[in-house]
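This document starts with two versions of one protein chain, written out as structure tokens and named structure 1 and structure 2.
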Structure 1
Amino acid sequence: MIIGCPAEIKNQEYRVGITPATAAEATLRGHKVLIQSGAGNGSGFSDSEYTEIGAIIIDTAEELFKKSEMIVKVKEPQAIEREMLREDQILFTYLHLAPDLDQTNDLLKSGVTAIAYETVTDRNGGLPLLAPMSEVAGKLAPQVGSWALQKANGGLGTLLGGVPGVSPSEVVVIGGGNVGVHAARVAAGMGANVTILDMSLPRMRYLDDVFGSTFKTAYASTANTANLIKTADMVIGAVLVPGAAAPKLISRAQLSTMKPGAVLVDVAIDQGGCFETSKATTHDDPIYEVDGVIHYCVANMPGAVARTSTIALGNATMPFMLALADKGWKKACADDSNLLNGLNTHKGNLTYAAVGTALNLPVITPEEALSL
């Protein structure tokens, strides 16, 4: 198979979809790997590192898309990229379609077979291709939130860990999954008082058993959430409904109950955000203020630590990418129901139910798509 990896064009997105190590595995199996010139630079991988293992450098995205049977990326294809997709191609990348009608319509129009990293599952029902970026984003959240808390950035002017004689900051993390746990661990490590909100009692028992007094847990009822955000210096939104739009957990009306200069970090922004007042921002202009509360809503947070993120993502995606290349998408998905769960579009059909619900579009099952 001819596998193409274009340079990412989203604002300050420095990750790359295929590392030299992944390219080497593919070429060893007889596949041809095309890398757009400079695609790996932001992650510290030169063109020569790819050519040394047998990959071919392509000058332009247009040429790469035209020649490739499978496109492997990191971020969702931008509008100009979607124009280059076609029905006989596989697209393997993060998509996050539920809050993005324009992208969804463009993918359906192209007819491309699009497999989304964020809906591929594992045998335990986990999300193995989302997990590494969730870990990165979770660890980054307190870091960027503490920057936003600085007075020069509009924040309260508080230090997460405080100092002797001055109390540490209060951090509330909504969601006890991968993002939430890593955010809580880092925030607690920085000295903050941390509370994780979650609706799963077994999950909270697990967190208590594993982390003990590192941070507190509380049930994520509407009342508990409303009370805790009143005293919070920072709230980290870390909720996920696989493939679907994130629920809105803090309303605009509730911002008036928070401290002026408190910070909201919305890690769920790729799925539409979990705060009513969230809107996607960029690394160039990451924060904005609504009713005195600072919002950090960068939609590609892991791109800020591109090398770490690229290697972690490549480790996770490589087995699935190789299966698609070795077998073709139909056999690979027929052989692996977890990979089939990643199928979002095929020949103009939407195949992921949660996206159909979010966007009010008709859906066929992934199993039906296998027969088309």
Structure 2
Amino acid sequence: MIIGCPAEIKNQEYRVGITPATAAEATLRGHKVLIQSGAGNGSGFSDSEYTEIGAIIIDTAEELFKKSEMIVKVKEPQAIEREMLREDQILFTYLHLAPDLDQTNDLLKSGVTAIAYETVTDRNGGLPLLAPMSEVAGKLAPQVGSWALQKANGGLGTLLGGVPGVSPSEVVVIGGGNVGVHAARVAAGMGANVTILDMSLPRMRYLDDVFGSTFKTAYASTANTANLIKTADMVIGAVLVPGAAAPKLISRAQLSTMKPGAVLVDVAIDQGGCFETSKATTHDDPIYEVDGVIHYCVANMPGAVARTSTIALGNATMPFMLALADKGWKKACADDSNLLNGLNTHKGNLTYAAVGTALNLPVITPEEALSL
């Protein structure tokens, strides 16, 4: 198969859909890999790293889209890219169609077979192509939060781990899933006293079994949350209610109960944020202050560490990309119901029920699409 990877054109997107390592696996299996010139630069991969393993550098996006049977990207195709998609092509990337009628209509019009990273599942019902970015954002959260805690950034002026004779900082993580556990591990590793609040008892049992005394767990009741934030130097918001906006777990009124200069890192900002006073910020201008509390609310945190994020994403997408290339999309999806769950559009049909509900559009089942 001819697999094409264009340079990302979305604002501040430095990741790339195919790493040299992933390209090497594909070329070894006899596939032709086309990379747009400079596509890997933002993640630190030069064109020559791709040509060394047999990939072909293409100058323009137009030529790449024209020649490719499968397009592998990171972000959803932008309007100018959507104009270049065709019915005989596979598109494999993050799509997030539910809030995006324009993109959905364009993909349907193009007839492209679009497989969305975010809806591919694993055998435990997890989302294996979302998990790596949650791991990155989680590990980054205490790092950016400790930067915000520095005096020059308006923070409390505390060091996460303290020093001999000075107590470590208190970190509260709300939500103990993928983001939360990685955030808690890093904060604890930096020497902070960490408490995870969650509402799932099975999840807290798991955390307790696996991590023992590395951090404490507490039930995320309103009272526990209210008490813990009073003494917290940093609160990391990491909740997810699948398919819904994040619940607001700290109100504006509660900010005055916190230490002046304490830091809120709202990782759940991509789902609307879990603090009442959160509003999305960018890597250029990541923090702001409300009632003395510093807020960090960057919606695409993994972009800050594009190289790590690209490699992590590539590791997760590679087996699916190779299956699509080796077998063609129909057989690959027929053989693997988790990959079939990723199918969002085919030949002008929407095949993902939740997107149909969100946008009030008709859908067919992915199984029906297999027989078209």
Ligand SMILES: NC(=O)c1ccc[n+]([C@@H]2O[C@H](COP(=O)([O-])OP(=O)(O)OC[C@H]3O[C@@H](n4cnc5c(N)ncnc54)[C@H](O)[C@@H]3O)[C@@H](O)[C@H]2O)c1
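Numbering runs along the sequence of structure 1, starting at 1. Given the structure is predicted, the values throughout are model-derived calculations rather than measurements.
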Quick one: identify the form predicted in complex with the ligand, either 1 or 2.
2
For the chain moving as two rigid parts between structures 1 and 2, please specify whether residue 169 and residue 297 belong together.
yes
Relative to the larger rigid part, the smaller one rotates by how many degrees between structures 1 and 2?
21
